[in-house]
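What follows is a single chain, given as structure tokens, in the form predicted alone.
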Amino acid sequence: MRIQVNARNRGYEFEARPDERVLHAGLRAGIALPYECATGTCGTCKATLVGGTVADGWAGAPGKKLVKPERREFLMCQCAASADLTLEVDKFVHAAEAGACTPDSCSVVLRAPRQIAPDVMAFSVQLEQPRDFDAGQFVLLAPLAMTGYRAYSMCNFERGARRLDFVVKRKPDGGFSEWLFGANREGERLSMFGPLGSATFDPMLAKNVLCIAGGSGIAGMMSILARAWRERYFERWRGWVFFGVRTMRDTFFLDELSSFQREFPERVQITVALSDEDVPASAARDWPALGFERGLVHEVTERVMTGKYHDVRAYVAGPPPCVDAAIRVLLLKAKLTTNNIRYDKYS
């Protein structure tokens, strides 16, 4: 089906596959339609239907609170074209940047699910065809028996990857996490769309790097660190990583983070922030390469980073309250410009 998008600056036309969501079709065609979560929670991809009809894949999407049906508004990430469409987007829309990794849909196989913290599961997906992605990007995943996608950042980095690594935090009533924790899912098939996201790192950045992550938000930071390590980026530039969890019992990836720290001991500083308990004496003994502080991750970042924000690009990920608090610190205390703050937050 043909879809015509009229944005504030110009119009675009592209084709959609049967039952393909409007947002997915546009992104696949190389058109940078607006989105943030891409899962129906934020409302960023809101559009107005001018002509044609759409089928809504999730009537209860939280982002619907920002949509006015009487004005024929809908979420592009949740709706598929039932016929040829004409729609309006009240934003500037541009073509995807040259060299950007083009997202597409595919079927993948879940491999090696394993619990790495009381409420955190790690797993991989196996791809039939190699896929490029940028460090810091995410994909949408859905078990074939489940309606709706969930967004997860890759932990690894590799061009032409045939395996993507993830971590998932268990959430009460979270459809995907309850499905994952509920049984051994080895070999299960999932639907995937991606890669997505603009909170990406490239070695051509030529700036110091600050990573602030709450809980499973550390996933995308691990991908950024993996690419920086491979390119020997920290031989020239500084790096700071702040990883926030509630207690030591909730930590994971400490061995991997220690390896990054030991590789560049004078250039990289990694701090684990514990919000709900004092730092135990065993922490420094068991992970001597890492620093440990008591406090919320944005509070610890503010204390440790005072006077160190020169020539910095910041990356932030985690639960929305964590991301919002960190962004306030970066804007109001660090005085970073918005183009030097990249973030993902999933509701």
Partner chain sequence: MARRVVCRAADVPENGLKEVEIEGGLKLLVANAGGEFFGFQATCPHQDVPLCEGVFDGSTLTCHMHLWQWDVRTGAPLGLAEAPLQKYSLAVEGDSLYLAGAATALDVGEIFNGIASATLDELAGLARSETFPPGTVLYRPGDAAEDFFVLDAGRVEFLVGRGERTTPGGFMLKKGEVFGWAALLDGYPARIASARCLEESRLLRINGKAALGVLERDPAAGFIVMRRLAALIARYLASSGAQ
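Numbering follows the first chain given and starts at 1. Note that this is a predicted model, so its numbers are computed, not measured.
Only in words, not in the display: the form predicted together with the partner chain, which the text now covers.
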Though the partner chain is not shown, can you say which of M248, M146, A117, V93 has a heavy atom within 4.5 Å of it in the model of the complex?
V93
Assert contact_stretch over 258-266, 81-89, 162-170, 211-219 against the partner chain in the model of the complex, heavy atom within 4.5 Å, equals 81-89
All three of L205, K207 and E231 touching the partner chain in the model of the complex at 4.5 Å, heavy atom to heavy atom?
no
Answer yes if any heavy atom of I327 is within 4.5 Å of a heavy atom of the partner chain in the model of the complex; otherwise answer no.
yes
Should G11 be counted as a contact of the partner chain in the model of the complex, where contact means heavy atoms within 4.5 Å?
yes
Can you check whether I31 is within 4.5 Å of the partner chain in the model of the complex, heavy atom basis?
yes
Would E36 sit within 4.5 Å of the partner chain in the model of the complex, counting heavy atoms only?
yes
